[in-house]
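Given next, in C-alpha cells, is a single chain: the form predicted on its own.
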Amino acid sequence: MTDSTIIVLITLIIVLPIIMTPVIFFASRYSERLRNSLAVITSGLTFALTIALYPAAVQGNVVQQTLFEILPRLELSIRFDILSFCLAAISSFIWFLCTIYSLDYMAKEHACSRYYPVLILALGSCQGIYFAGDFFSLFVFFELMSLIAYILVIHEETEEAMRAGYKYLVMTIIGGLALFFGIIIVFELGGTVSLGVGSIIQETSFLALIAFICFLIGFGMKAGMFPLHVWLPDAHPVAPSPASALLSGVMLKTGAYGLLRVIFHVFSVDLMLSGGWDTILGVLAVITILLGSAVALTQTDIKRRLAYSSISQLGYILLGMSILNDNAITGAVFHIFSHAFMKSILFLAAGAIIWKTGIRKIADMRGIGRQMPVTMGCFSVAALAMIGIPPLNGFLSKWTLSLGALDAGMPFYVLVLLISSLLNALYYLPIIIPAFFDVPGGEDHGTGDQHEIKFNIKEATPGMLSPLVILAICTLVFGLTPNNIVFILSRLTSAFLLLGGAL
C-alpha cells in the first residue's frame, strides 16, 4: 500500500463522520429511518476504511503528512503507524456496534435528532485524535471530542445528568488547559510538537517535569486516573447506555493513547527512568487500580459499579506504561483492546436490562439471568474476563502485565493485580450468581428489599442482542487463542514504541 493511498484513507476516516454529521441532522427532519440508516452506514464505512489499513500496519509502515502550517514549526498534520491503527480500529469497531445497538435502545428516547449527529461527530473526533501527526492537531481533536462527549453525558437532561455534565465540563476545561500548557512547554524546549521526530525532549529539567505533570493532568483526567477520576462515576451512569459503553470502552482510551504518545514521543524510556517519572505514574496507577475496585464494592447501582470498575481497569493500562518493558507495554496495549470489548458488553447488557425492566439496583436483579439468558450470559462472560478467569482475554492481559512487572523486578505490582482480581470477583460474582441460581442471602446491603424477579421478561431486541453476542464471541476467541491477531498487534505495537516510534 502506497503512502498516498494511506493518506487518502486516513483523510476519509476522519472527514467522513464530520461531513456526515450535518447530513444526519437534516435527514432527521424528513425520516427517522433515513437518519438512523445514515448513522449506521457512516460508522460502518469508517470501520471498513480503518480495517483496510491493516496490511500497512502489520508491515510497519509509518506515514506522516503535513496538511498546512499555522505558524512556523506549528502545523496541522496526520500520521499513520501501528499504534494509531490499533486504537482507531478498536474504536471504530465498538462505535459501529453501539450505533446498531442504539437503533432500538433510543427508539423510545427523546432528542434522537441530536443524539445521532453528536454520536457520529464524536466518532470523527476520536479518529482524528488517533491519526493526528503532532500534539497540536491531537489537542484540537481531543478538545472537540471532550466537548461533544458533554452533550452525550447530559442527553437525558435530568437534574442528575446536568449536575454530572457540569462536573465533567469543569474537569474537561482543567484538563484542556493543563494539556495546552504542556504542549507550549514542549514546543519551547524542543522547537516542535511533531510525532515524527523521535523524543522531542532529550534531558530532564524542571520545565520538562512540569510538562510531564501537565500531560498527566490533561490525559489522566480523560483516562479516569486518580485523583482526576471524580467526574467519571457521575457521568457514565446518567448517559444513555450505548453512550456509556463508548465513554468507557473507547473515549477513556484517548487519555491512555495520549500518555503513550507523551512517554515515547515527547520523552523516552531512558528519560522517564532517569527522572523517576515512571515511579510517579506507577504510584498513581496502583492507587487508581485499588481505589476503583474498592469503591465499586460499595455501589448498589449497576452502572455506577461499572463506572468505578472502569477506573480500576484503566489503572492496569497506566501500570503497564509505568513499567516500560516489552511485556508490560504489550499487556497495556492488549488491555486497551480487552477492556473495550469487556466493558462495552457490560454497559450494553446493563442497558438492555434497564431498557426492559427499569431496574438499576443490583439487589433487584435476582433471577434476571433466567429471564434474559442471552443478555446475562454475555454479561457473565465479560465479568469473568474482567476478574481474570483463565483463559479469557482479561487473564491474558493480567498475565502479560505480571510478566512485565517480574521482568522489571517489581513483584509488588503482581500482588496489586492479584488483589484487584479478588476485588473484581467480590463485586461481579454477587451480580451473576444470583442472576442464574437460587442462593440464600445476597447483596441487599441491609435494606431487606432484595427479591427475585417474578414477572415475565423477554430478551431485548435482536438489534440490541447482536452487538452483545459479537463482543462476547470476541472476548472468548481472543482469550482461548493466546496467539490471536489482537495480541500480535499489541506485541508489534510494543516493539514499535520501544524502538523509538519515529519515522
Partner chain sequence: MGPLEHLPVLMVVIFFCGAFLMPLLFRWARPICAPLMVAILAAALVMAIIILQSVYQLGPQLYHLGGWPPPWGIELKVDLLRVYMLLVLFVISLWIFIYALRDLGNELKEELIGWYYTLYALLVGSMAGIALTNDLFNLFVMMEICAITACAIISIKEDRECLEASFKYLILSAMGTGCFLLGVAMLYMATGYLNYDYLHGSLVEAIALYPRNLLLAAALFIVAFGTKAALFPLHVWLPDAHASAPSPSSAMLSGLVIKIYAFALLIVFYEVFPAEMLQGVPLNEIILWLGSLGAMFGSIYAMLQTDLKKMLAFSSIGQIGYIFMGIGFNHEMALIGGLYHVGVHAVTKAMLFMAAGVIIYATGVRKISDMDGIGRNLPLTMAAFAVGSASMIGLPGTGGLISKWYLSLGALEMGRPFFVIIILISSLLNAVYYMPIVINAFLYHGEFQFRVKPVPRVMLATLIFGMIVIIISGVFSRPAVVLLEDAVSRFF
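Numbering follows the first chain given and starts at 1. Not measured: the values here are computed from a predicted model.
Here the subject shifts to the form predicted in complex with its partner chain, a form of this protein not shown in this document.
Its partner chain in the predicted complex is not approached by E459, whose heavy atoms all lie more than 4.5 angstroms from it.
Its partner chain is not drawn, but in the predicted complex it has a heavy atom within 4.5 Å of L177.
The closest heavy atom approach of A294 to its partner chain in the predicted complex falls outside 4.5 Å. Taking the partner from the other structure, its partner chain in the predicted complex has no heavy atom within 4.5 Å of any heavy atom of D234. The stretch among 279-287, 330-338, 83-91, 169-177 whose residues place heavy atoms within 4.5 Å of its partner chain in the predicted complex is 169-177. Between its partner chain and the residues D407, E188, E203, D270, the one pair within 4.5 Å by heavy atoms in the predicted complex involves E188. This chain lacks the partner; the member of L97, A208, V262, I183 within 4.5 angstroms of its partner chain in the predicted complex by a non-hydrogen atom is I183. Shown here without its partner chain, the chain has F68, E69, I70, L71, P72, L74 in 59-93 lying with a heavy atom within 4.5 Å of that partner in the predicted complex.
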